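Shown below, as structure tokens, is a lone chain in the form predicted alone; questions about how it binds or moves come after it.
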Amino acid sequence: MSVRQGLLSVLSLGPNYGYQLRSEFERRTGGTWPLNIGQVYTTLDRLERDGLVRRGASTDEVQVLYEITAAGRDAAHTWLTRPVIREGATRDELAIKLALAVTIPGLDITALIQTQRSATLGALQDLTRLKRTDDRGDLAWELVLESMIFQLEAESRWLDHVEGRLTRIRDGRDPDPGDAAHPRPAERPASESTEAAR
């Protein structure tokens, strides 16, 4: 998601000036994505340039109100109603770190996984405690909080999977994809690939 679509979505509810728009965005996303006010005004300038918002009246304090245009309302609606498509390879830091770590001789991968699991479970306990004790009654905040909890639960399960897979490889119960005895498809000899293609 970009700040652009988030601000357009908030503006679809009514005109706002910059600071008010930042506060509304942060409130409606449970405070999980704090915005820099400079970023808000830069984004508003671009949205105005693209014909998605326009400057309206000023408040008594001479703050310019921005309002969404018909094209901006269409853009916000399109973004809100389309599915989120996760394109390309993952850039998740933990996945990349473990992918690199398993290729480095002498690195204690089990210790690395255990350290990460402790951090993941600690964060999960903190968020679960927060969910139990939070009495705001704010649905937006609860949904974001639950999303973070589910992500941490999935991360914990994935770490268990990685550790189990590495154990099976070490014990010889699972072939190592990098082992010469079990070449990856791209590493097959040319004659073998030609036979498979026939």
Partner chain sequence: MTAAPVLRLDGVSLQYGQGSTSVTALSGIDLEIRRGELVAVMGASGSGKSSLLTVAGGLVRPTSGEVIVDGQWLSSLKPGQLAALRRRHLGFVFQDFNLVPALTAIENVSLPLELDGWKTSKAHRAARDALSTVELAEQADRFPDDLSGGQQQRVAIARAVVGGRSLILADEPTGALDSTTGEVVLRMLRGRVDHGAAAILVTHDARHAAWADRIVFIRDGRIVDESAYRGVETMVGRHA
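Positions refer to the first chain, counted from 1. Between two forms, the rigid core is defined as the largest C-alpha subset superposing within 1.5 Å. Since we're looking at a predicted model, the values are computed, not measured.
Below, we refer to the form predicted together with the partner chain, which is not included among the displayed structures.
**Student:** Heavy atoms within 4.5 Å of the partner chain in the model of the complex: does Arg129 have any?
**Tutor:** The answer is yes: Arg129 has a heavy atom within 4.5 Å of the partner chain.
**Student:** Classify Leu98 as contacting or not contacting the partner chain in the model of the complex by the rule of any non-hydrogen atom within 4.5 angstroms, answering yes or no.
**Tutor:** No, no contact at 4.5 Å.
**Student:** Can you tell me whether Thr103 touches the partner chain? I mean in the model of the complex, with a 4.5 angstroms heavy atom cut-off.
**Tutor:** Because no heavy atom of Thr103 falls inside 4.5 Å of the partner chain in the model of the complex, the answer is no.
**Student:** Closest heavy atom of Gln63 to the partner chain in the model of the complex, within 4.5 Å or not?
**Tutor:** No, Gln63 sits far enough from the partner chain in the model of the complex that none of its heavy atoms falls within 4.5 Å.
**Student:** Is the partner chain close enough to Leu21, Ile37 and Thr42 in the model of the complex that each of the three has a heavy atom within 4.5 Å of it?
**Tutor:** No: none of Leu21, Ile37 and Thr42 comes within 4.5 Å of the partner chain in the model of the complex.
**Student:** State the residue from Gly56, Gly172, Gly31, Gly51 whose non-hydrogen atoms include one within 4.5 Å of the partner chain in the model of the complex.
**Tutor:** Spelling it out, the residue with a heavy atom inside the cut-off is Gly31.
**Student:** Taking the partner chain as it sits in the model of the complex, which residues of 118-144 have a non-hydrogen atom within 4.5 Å of it? Please list them.
**Tutor:** Stretch hits, in order: Ser118, Leu121, Gly122, Ala123, Leu124, Gln125, Asp126, Leu127, Thr128, Arg129, Leu130, Lys131, Arg132, Asp134, Arg136, Asp138, Trp141.
**Student:** Does Gln114 show a Cα shift reaching 2 Å between this form and the one not shown after rigid-core superposition?
**Tutor:** Yes; that C-alpha moves by at least 2 Å between this form and the one not shown.
**Student:** Please say whether, between this form and the one not shown, the C-alpha of Glu163 moves by 2 Å or more once the core is aligned.
**Tutor:** Yes; Glu163 is a residue whose C-alpha shifts (by 2 Å or more) between this form and the one not shown when the cores are overlaid.
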